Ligand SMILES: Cc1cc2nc3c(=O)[nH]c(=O)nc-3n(C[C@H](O)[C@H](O)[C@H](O)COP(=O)(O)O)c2cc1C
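Taking the form predicted on its own, here's one chain by itself in structure tokens.
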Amino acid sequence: MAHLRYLTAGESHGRALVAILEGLPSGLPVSVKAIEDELVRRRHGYGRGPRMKIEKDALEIVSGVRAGLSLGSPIAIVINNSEWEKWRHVMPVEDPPAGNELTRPRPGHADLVGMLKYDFTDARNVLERASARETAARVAIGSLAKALLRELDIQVLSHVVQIGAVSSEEAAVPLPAQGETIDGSPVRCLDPGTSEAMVRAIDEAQAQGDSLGGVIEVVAFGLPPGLGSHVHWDRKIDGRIAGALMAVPAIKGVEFGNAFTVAGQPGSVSHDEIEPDLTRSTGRAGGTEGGMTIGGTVRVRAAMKPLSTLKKRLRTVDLSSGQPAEAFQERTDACAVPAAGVVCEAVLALVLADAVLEMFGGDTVDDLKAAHTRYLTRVEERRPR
């Protein structure tokens, strides 16, 4: 059973998104503004559609926090939809919906399979929940996981390393202090020259009615060795991280460290050799071995496919007639890779916070910190002198 559990609910154009996070210890400082700041980061990024300019992500914490501190009980957050009144007639709870049914499913989206699975004739019954709008709820509770990790001097950040065919040649892993610089880029890429080329690629795709995917790198700093476990498959930290990242909409691949490069190399140049002080001078494995963190930094990349709602409409079938047709179009982004990086930060933080609570326990933040300090002291005593 997970030590940190969460559940989200809500549709893209419904009244609100709801997130419930259970398992945070008591005494964690909780700031509404800090959560709102994370939601703002998620809305930004070059290539986003017009909806990002009108969404306000007005949130309310309705339980689990008192006087700015967590109580140890479940925390419930509501993110109201500022466009609800415009969509009330389309998304009513009891009355028949107004508007035409969406019967021409989009290739690459959940539309068709969801319609078949749940026996719907209207794709809106699927797309409203399958929409990446739901990730706002995960970013909100992910900000609480980040706050918990910061109590243990663990930090998480992301940056974009590829959009479309444009890749960054910057090999160095960014440092926590560079987070503001990354967010200052319109595409959240650390290299200015590559950032400009990515913007041009997005402009070209947008002019052609197309979309672009890319690759995000997410990095966690300050991790202790041993998060996760080698003893059973569902406790392995890299499996848990990969599963969480793959559950982000449009993510189709995950790579730890230099995994796809070392797959073509001999073992003698693929592994991170152990130094006399038990550290590693290389990070080819991405910071995990045997299902556990090795200590220090975890580095993982996520590949995001191009978004499936296109002005350049793809072939499909109209399920109301059975005839070939063009896929319908909702409002869409030309590129959402920069925003996906913020979402991937949130889900990585949730996995790591769960692993921290699993390893160190504690009903209060002070108990958690004390156990963490004792462990680090024991590990330090094992290092050769």
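In this text, residue numbers run from 1 along the sequence as written. Everything numeric here is computed off the predicted structure, so don't read it as measured data.
Although it is not shown, the form predicted together with this ligand is what the next lines describe.
If you check this ligand in the model of the complex, you find no heavy atom from any of 270, 282 and 294 within 4.5 Å. With the partner omitted here, the stretch from 241-249, 87-95, 228-236, 195-203 that lies within 4.5 Å of this ligand by heavy atoms in the model of the complex is 241-249.
In the model of the complex, at least one heavy atom of residue 308 sits within 4.5 Å of this ligand.
Proximity of residue 304 to this ligand in the model of the complex falls within the 4.5 Å heavy atom cutoff. This ligand is not drawn, but in the model of the complex it has no heavy atom within 4.5 Å of residue 146. For residue 340, a non-hydrogen atom is located within 4.5 Å of this ligand in the model of the complex, even though that partner is not displayed. In summary, among the residues 159, 124, 109, 299, the only one with a non-hydrogen atom within 4.5 Å of this ligand in the model of the complex is 109. With the partner omitted from this view, the residue of 320, 332, 31, 26 that lies near this ligand in the model of the complex is 332 [heavy atom within 4.5 Å].
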